[in-house]
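Quick setup: one chain, the form predicted alone, written in structure tokens, and binding and motion questions come after.
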């Protein structure tokens, strides 16, 4: 863990709390974003926090970065912060050169572009923030295997789309477009490590949104009165608040376990366990918060739906829960032997997140 983590988190939260309000978040659904907020974070070095010093970054670590991502999820910041920082993290992960401009990524194996003689061809959907970014970091298949490539999006045809939350999710089409950088061939372990990192970034976003939903719901129960008293004094509402607080605590604990495991360069299935448990957390958190808010939580005037819609959208993007449940089940079957309990309660070292060799 970086010694500066608490300071970084405090600075970023103060900036986001001051600059991001409901009206700014609404601009996403109007086809806009917040370049001023991006520049503010960039000027303060937050976009480079996890880039090594030799590549011009701040030399922070993955925990620093994931906690900033968590805060952008908590405030629904309408900027491609996660996309750009994750793209650069992948470039360093595969020993490629990081980039300074806005970037995004596409990591779905079923949509991987084809790579031939340094030219990229293919079509992929649901690429976040493609219309507002300049570079794409993506998987590409050649006759040799799977690579990570970086390419200028000015060569692409982009068809606009959005997710349930109104965030940009675009279709990108390349026809024999020249790539800027190509990694060595990635092994299956490399691809799995990249998938694990991607899910960790998604968990960070979702943790932030869950935390915000909890805050909004508690605040609402203190402000909303019924029969002459705030509704948080009613036993049924108190039961909802307690359950919501419990699910929020579980999400935060799972996120902290993930960051700690990644810091040790050994994910130890924490990402898989967290992603599986988040399915239940998201269902409970969104259901309880909308029950407590009643109809007002779905209205445009209230901000609750901005976060619940993002939770539902982020949950459905990237690697599905079934991928992680199948992985965990396979590990249990292959490694537990005669004693499942012994395997579950012992320390096991799973695939470390090593950098790809050049």
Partner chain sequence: MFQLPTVQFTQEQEQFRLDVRTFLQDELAKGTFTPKCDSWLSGDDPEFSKLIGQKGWIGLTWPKQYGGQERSTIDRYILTEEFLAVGAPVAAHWFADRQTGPLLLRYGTEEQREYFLPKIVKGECYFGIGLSEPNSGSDLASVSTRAEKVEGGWIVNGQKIWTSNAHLCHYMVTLVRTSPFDGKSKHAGLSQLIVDLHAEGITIVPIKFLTGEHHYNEVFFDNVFVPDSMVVGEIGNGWAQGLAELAFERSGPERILSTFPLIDELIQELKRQNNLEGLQQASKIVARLWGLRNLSIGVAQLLESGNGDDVSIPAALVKALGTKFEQSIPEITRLIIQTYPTLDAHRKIDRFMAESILHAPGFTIRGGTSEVLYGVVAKGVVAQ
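Numbering follows the first chain given and starts at 1. Computed from a predicted structure; not experimentally measured.
A second form of this protein, the form predicted together with the partner chain, is not displayed here; the remarks below concern that form.
Heavy atoms of every residue among 218, 249 and 252 are located within 4.5 Å of the partner chain in the predicted bound form. Note on the partner interface in the predicted bound form: the residue among 199, 85, 214, 133 having a heavy atom within 4.5 angstroms of the partner chain is 214.
Of the residues 97, 239, 175, 287, just one reaches the partner chain in the predicted bound form with a heavy atom at 4.5 Å or closer; this is 239. With a 4.5 Å cutoff on heavy atoms, residue 18 does not count as touching the partner chain in the predicted bound form; it lies far away.
For the chain shown alone, residue 333 is a contact residue for the partner chain in the predicted bound form, at least one non-hydrogen atom being within 4.5 angstroms. None of the heavy atoms of residue 150 is located within 4.5 Å of the partner chain in the predicted bound form. Remark: residue 270 counts among the residues lining the partner chain in the predicted bound form, judged by a heavy atom distance of 4.5 Å or less. With the partner chain left out of view, the stretch that reaches within 4.5 Å of it through heavy atoms in the predicted bound form is, among 167 to 175, 88 to 96, 252 to 260, 184 to 192, 252 to 260.
Along 168 to 200, a non-hydrogen atom within 4.5 Å of the partner chain in the predicted bound form is carried by no residue at all.
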